[in-house]
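To begin, one chain is listed below as structure tokens, in the form predicted on its own.
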């Protein structure tokens, strides 16, 4: 049975590329079709009626017409524009980091409804002004879970023994934690404090309401970010582009804060 020529889907716009004079190719992440690409014709013209509904980081209801090589967007209606994510550079960088990870870890046309829900929830949380670093760490661990790369955080991946409350090490190539003895035979490992291990385990095994009560100091937050960043880089075999922008914005915020203190 042939598919209907036109169809409709919810979608989060996760990437856009210019095409010709006025068009764009958009990457959409959908609840039941997974990641799809579609062309939005004339969307870059000033009077385009579609443009506002197809901005990056927008949750929309999109109507499409099937094409031979690529489908065409024929209509779109905003469900949530996530304005805070677009009016604050820091929040934009966090949200674009999340969408880049979804794009990098997924193939086209493979349904992953839990991942769609996770991305949508993450965008809501970033808008609510929660602890954004915690939001991202929760997102990273649960994304890995949903795409088949769940790291082993409860026991040593080499000797299989439960981890003791001591400094153990995370090994990206082994896909999880190593005890002090087993970590000696691995060249690239990242030592983690007992607190860092506890937080990672809690993030991995709890719902967000439980996790959101955590208060994490900057040093611990940095430790968690580095271990996750190194694991993601190892899995993707490349740098995550949006981390450079994240780091630049953070540095600018830090300098601005120091300048304010100096003026007092």
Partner chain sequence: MRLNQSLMPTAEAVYKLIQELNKLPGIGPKSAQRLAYHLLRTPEEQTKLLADAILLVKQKTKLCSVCFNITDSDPCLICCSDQRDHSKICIVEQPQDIVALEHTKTYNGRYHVLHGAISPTEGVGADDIRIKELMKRLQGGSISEVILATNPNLEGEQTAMYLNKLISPLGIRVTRLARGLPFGTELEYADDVTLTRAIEGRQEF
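Small disclaimer: the values here were computed from a predicted structure and weren't measured. Positions refer to the first chain, counted from 1.
Quick note: we don't show the form predicted together with the partner chain, though the next part is all about it.
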- Message: Within 4.5 Å, heavy atoms only, which of 106, 152, 81, 72 is in contact with the partner chain in the predicted bound form?
- Response: 81
- Exactly one of 93, 132, 158, 186 has a non-hydrogen atom within 4.5 Å of the partner chain in the predicted bound form; which residue is it? 93
- Message: Counting any heavy atom within 4.5 Å as contact, can you tell me which stretch out of 142 to 150, 121 to 129, 165 to 173, 85 to 93 lines the partner chain in the predicted bound form?
- Response: 85 to 93
- Task: Tell me, yes or no, whether residue 225 is in contact with the partner chain in the predicted bound form, where a contact means a heavy atom of each within 4.5 Å.
- Result: no
- Message: in the predicted bound form, is there a heavy atom of the partner chain that lies within 4.5 Å of any heavy atom of residue 242, even though the partner is absent here?
- Response: yes
- Message: Taking the partner chain as it sits in the predicted bound form, is residue 35 near enough to touch it, meaning that at least one heavy atom pair lies within 4.5 angstroms?
- Response: no
- Task: State yes or no: in the predicted bound form, is some non-hydrogen atom of residue 216 no more than 4.5 angstroms from a non-hydrogen atom of the partner chain?
- Result: no
- Item | in the predicted bound form: members of 191 to 214 within 4.5 Å of the partner chain, any heavy atom | none
